[in-house]
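Below, in structure tokens: the form predicted on its own, a single chain.
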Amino acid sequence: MLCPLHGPIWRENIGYFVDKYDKWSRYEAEDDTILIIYGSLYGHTESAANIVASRLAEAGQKNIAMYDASVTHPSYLLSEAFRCRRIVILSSTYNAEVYTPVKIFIDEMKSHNLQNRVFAVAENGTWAPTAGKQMREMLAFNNNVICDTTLTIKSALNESQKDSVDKFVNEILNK
């Protein structure tokens, strides 16, 4: 029987729960799902997130989870971050900073000591995209790996950025 301080008492499938606690205690991802979190002001960053997810799927990635940080409670996003090994974060630049809902998500991961994840970041900004550099600095904690490529979007992705998107997706898949 497992009797945690918070939550239900487990009387069946004890091995399943012991495995979960063991992974969580080592900050090991539960599976190879790629988590995509985005924060979009006018829909262009959301569109880019959809394009990245489509390209990942076309390349053979079977498990992809995608959430809008503006409408999904940070506790759900954090739970998914603990479950997934690779996390892609796309953020609009808002007042020269990371869009607030995305910033809250990153702060939650940091305050909960998330470790051993692979991150990829994409920034969007019409005249001064700065969110990417800031996210890279914010994510440099606890043995996390940050992909070298930052995808930069100036307002909306366009056909001329196909090679940049492909490079971004390939690096995510190969980390």
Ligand SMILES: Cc1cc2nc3c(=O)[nH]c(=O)nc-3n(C[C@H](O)[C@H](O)[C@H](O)COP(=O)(O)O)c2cc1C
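The numbering used is simple: start at 1 and walk along the sequence shown. Keep in mind that this is a model prediction, so the values were computed, not measured.
Just so you know, the form predicted together with this ligand exists too; it's not on screen, but the next bit is about it.
Visitor: Heavy atoms within 4.5 Å of this ligand in the predicted complex: which stretch in 105-113, 29-37, 43-51, 62-70 meets that?
Guide: Within 4.5 Å of the partner lies stretch 43-51.
Visitor: Given that this ligand is not shown alongside this chain, does A96 nevertheless sit within 4.5 Å of it in the predicted complex, heavy atom to heavy atom?
Guide: Yes, contact at 4.5 Å.
Visitor: Would N142 show up as a contact with this ligand in the predicted complex if we use heavy atoms at 4.5 Å?
Guide: No - in the predicted complex, heavy atoms of N142 and this ligand never come within 4.5 Å of each other.
Visitor: Answer for S155 alone: is it within 4.5 Å of this ligand in the predicted complex, judged on heavy atom distances?
Guide: Residue-level check for S155: yes, a contact with this ligand.
Visitor: Of 104-137, which residues get within 4.5 Å of this ligand in the predicted complex if you count heavy atoms?
Guide: Counting only heavy atoms within 4.5 Å of this ligand in the predicted complex, the contacting residues of 104-137 are N124, G125, T126, W127, A128, P129.
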